[in-house]
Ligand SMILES: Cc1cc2nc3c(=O)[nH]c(=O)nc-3n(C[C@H](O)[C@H](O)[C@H](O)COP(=O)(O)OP(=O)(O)OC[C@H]3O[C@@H](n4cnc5c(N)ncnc54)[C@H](O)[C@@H]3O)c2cc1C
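Have a look below at one chain only, the form predicted on its own, in structure tokens format.
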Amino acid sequence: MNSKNAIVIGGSMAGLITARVLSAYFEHVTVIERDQFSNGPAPRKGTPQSYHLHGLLAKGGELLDHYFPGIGDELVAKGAVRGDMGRMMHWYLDGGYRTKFDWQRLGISMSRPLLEYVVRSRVAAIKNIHILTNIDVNELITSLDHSRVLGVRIEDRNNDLRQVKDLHADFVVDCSGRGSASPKWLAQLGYAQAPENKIEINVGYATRMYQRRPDQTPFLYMITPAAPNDKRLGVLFPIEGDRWIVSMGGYLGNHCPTDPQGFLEYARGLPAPDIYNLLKDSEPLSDIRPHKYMANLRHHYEKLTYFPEGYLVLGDAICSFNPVYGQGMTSAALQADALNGLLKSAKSLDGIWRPFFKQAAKVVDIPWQLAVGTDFAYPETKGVKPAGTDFINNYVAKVHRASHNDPVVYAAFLSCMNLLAPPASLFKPNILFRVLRDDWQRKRQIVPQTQLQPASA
């Protein structure tokens, strides 16, 4: 493969990881970002979700460490909190706390701006990657018959002239997120629209930062709802700067208020007292910021018969999930890793879109199944429900309850949740036996109650 120039549209996490992958195969990689980056970790306009709590799944952490060796240690050196995920989480669900055990997999807790800043700094240090900021991508440049993308037409907003110019490339990857213009651009070029799958859930939450005192152990506190009756959740993580970040909200319009008293009362009303007990005596460090997410949205590019050569779509531009499950960054990293595997063996870029979109669809299938399946535990959820969803949700509810006391079941669930194992792994005979045994014991009221007490800060 003899290719010189690649362009990545979007400088968020998906774009940065993709640029790192492409840097091994192209002489020059240009990342084009609409926002102006700051000189340190800071939220930005193009990623309003960066003000809110983020979780990096274990699989995503593994991939980041593969492409950016030592990045976990670098994050910890900058204040991120690391610990065994089986011990570090106080997780309340469906009447009890999940048991504690040594999972022997480390998780890292930090703000989204710190993670993105450290990854961006690593990418910017790669000699053949150039990052352009405050730039709009207005349209694609193509061959006369529109069969091949040859670059992008950009508008520079770094001065009053707003200069428009063309950037040519052998390969363009759209990593611009949920608001991707790819569907519009492709339609303008005469291509059929990729089938869409939209699952409406109307999630809304609000986030605030608090001071973390030296006497407060940096646990991860999670209070998640037991569908369909409970719709409220709260998550509180320790992050850099000796801070807590807490996001609280709910499904189907059960959103968290943004006034200080309403915010605290919402915490008091959660199914477990842990977050309220911590917040009521902690010093707020920020305003309360809301965020709403109406629907999961997936574009099935793998179902298209025709697609322009030299062009791909990746990350949230393919599929954006309910952010409650924290799957977006890891899904994007897995897609970029799939692209790396294809480029490693490719003799030409021609036709690479076909296997890429097929592999990306397989990557997306698992987190999509997890997110959409959980969302459909609420009858009010709108969209096409996959066959067997109710049966699976009924079984997964039993898995959740069994994890109150059984570390083997909990470990299997954590592996699935962290995209280290497929959902089918929860149906392995030894897991199935433990789950059904726990359910049988509960019906006879002989389940141990040792894990049903509130955690302490």
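All values derive from a computational prediction rather than experimental measurement. Sequential numbering from 1, following the sequence displayed.
Below, we turn to the form predicted in complex with the named molecule, even though it does not appear here.
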{"property": "Listed residue (Gly249, Pro308, Gly107, Gly328) with a non-hydrogen atom within 4.5 angstroms of the named molecule in the predicted bound form", "result": "Gly328"}
{"property": "Position in contact with the named molecule when the complex is considered in the predicted bound form, options Arg112, His255, His299, Arg212, heavy atoms within 4.5 Å", "result": "Arg112"}
{"property": "Heavy atom distance at most 4.5 Å to the named molecule in the predicted bound form, all of Gly46, Tyr205 and Gly315", "result": "yes"}
{"property": "Touches the named molecule in the predicted bound form: Asp406 (any heavy atom, 4.5 Å)", "result": "no"}
{"property": "Partner proximity in the predicted bound form: Met13 to the named molecule, non-hydrogen atom cutoff 4.5 Å", "result": "yes"}
{"property": "Gly177, heavy atom within 4.5 angstroms of the named molecule in the predicted bound form", "result": "yes"}
{"property": "Contact of Arg34 with the named molecule in the predicted bound form (heavy atom, 4.5 Å)", "result": "yes"}
{"property": "Candidate stretches 34-42, 426-434, 65-73, 396-404 - the one whose heavy atoms come within 4.5 Å of the named molecule in the predicted bound form", "result": "34-42"}
{"property": "Contacts with the named molecule in the predicted bound form - residues in 45-64 whose heavy atoms fall within 4.5 Å", "result": "Gly46, Thr47, Gln49, His52, Leu53, His54, Gly55"}
